[in-house]
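There is one chain below, alone, in C-alpha cells, taken in the form predicted alone.
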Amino acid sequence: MSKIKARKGAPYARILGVGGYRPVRVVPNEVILEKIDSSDEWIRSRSGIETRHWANDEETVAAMSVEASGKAIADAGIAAEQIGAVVVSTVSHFSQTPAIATEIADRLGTDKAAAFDISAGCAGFGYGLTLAKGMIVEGSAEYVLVIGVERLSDLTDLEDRATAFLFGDGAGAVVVGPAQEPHIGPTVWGSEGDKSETIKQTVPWNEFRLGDVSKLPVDSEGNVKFPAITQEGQAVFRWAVFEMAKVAQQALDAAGITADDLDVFIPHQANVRIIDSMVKTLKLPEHVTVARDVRTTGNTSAASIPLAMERLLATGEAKSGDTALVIGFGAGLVYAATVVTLP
C-alpha cells in the first residue's frame, strides 16, 4: 500500500479574468510591401490581414506579459500574491535560460509562484490552459496565470513573400481559478511530428552561430539573415482546414455539447480563410460569434486566442458566461481544443 498522501484541490476550474496588450505601433500592409513583390489586395485575399502590431524596444516579451497579466489579475478580482503558478507560452524569448516566466512572476509581485515556459507554438495557450486546470484540480495551485506572448516581428523574414505579412506581436493572459461546476471542458490535443517541417525556424541557433556563412540565407544586400519562421503555406492550410475541424468537433463531443449550444468560436488567428472554412465545416449557426481578430492584429501565435477573447469581451461581441470553443494549432504540428465558459 502506498504511503503517499494525495492532495485534492477544487472540483473544477474556470477562467476568471482575461487581459491583453497590443504594441503601440500599427503596421499596415503598405509597410510590408516595401520589401516584397505583392499587393494589399493579395495580402487581404490570402489572409484577411489589414494591419498588425509590432513591438518597439521597450515592449519586450516580459513587459507585454506584465501589462496583459495585470489586466487579467484585476479582471479576476484577485491579488497577484494569490497566483500560485505562472505558465508562459512563447517561441520568441531568446534566452535559453532562465524561463521568462520567472521574471514575469517577480515583476507582478507574486509570492514565489511556480513559473515556467512552454513551447507549443500557436497551440501554446491551449496547452497552458490544460496545465492550469490540472494544477487547480490537483491542488498544487489555487490560481494559475496563463500567458501567451510573442514578438514574432523578431522572427519575420521581411523578404519572404509567403510569411512577411503574417506575423504580429502582443500578449494575452488569463487567470484560471477554482470552480464548483465544469467551465473548462476536456482538452483534445496532440501532435503530428511527421509534418514538423511545414512550419519551422529557417536556421537553428547553433548553425547560425557556428555554421558556414556561405550556407546561411542572405538578404538582398548580401547580409546574413537572422533566423526566421518559415512555412509551407498550402500544406499548412490544408492540414488546418481539414484536420483541425475534426479536432474542434471532437472537443465539442468531449464537452457533451453541439454547435448549436455554442455562443462563441475563438480559433487561432492564423488566417481568415482558415477560420471561415472551419466555420463552414463545423456548420456553426449564425448566432455564433466568430473571432476574426487576425484582420487587425495579425498572427500572434500563442497570444492570438487570449487576445481575441479579450477583444470580443471588450467590444461586447461576447459576454461573460458565454460558451466558447477555442482551438489552437501550429508548428510541430501541434494542436489543442476545448470548450470554455468566458470570464
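Don't overthink the numbering: it's just position in the shown sequence, from 1. Quick caveat: nothing in here was measured; it's all calculated off a predicted structure.
Beyond what is shown, the protein has a form predicted together with a small molecule; the following relates to that form.
In summary, the region of this chain contacting the small molecule in the predicted complex, judged by heavy atoms within 4.5 Å and restricted to 218-226, 172-180, 159-167, 109-117, corresponds to 159-167. Within 4.5 Å of the small molecule in the predicted complex, a heavy atom is found for none of Leu131, Ala254 and Gly256.
Using a 4.5 Å cutoff between non-hydrogen atoms, Pro186 does not count as a contact of the small molecule in the predicted complex. Under a 4.5 angstroms non-hydrogen atom cutoff, the small molecule in the predicted complex has Asn299 among its neighbouring residues. Heavy atoms of Arg46 reach within 4.5 Å of the small molecule in the predicted complex, making it an interface residue. Using a 4.5 angstroms limit between non-hydrogen atoms, Gly330 touches the small molecule in the predicted complex. In summary, among the residues Ser191, Gln249, Gln231, Ser92, the only one with a non-hydrogen atom within 4.5 Å of the small molecule in the predicted complex is Gln231. Only one of the listed residues (Val203, Leu155, Val236, Ile78) places a non-hydrogen atom within 4.5 angstroms of the small molecule in the predicted complex, and that residue is Val236.
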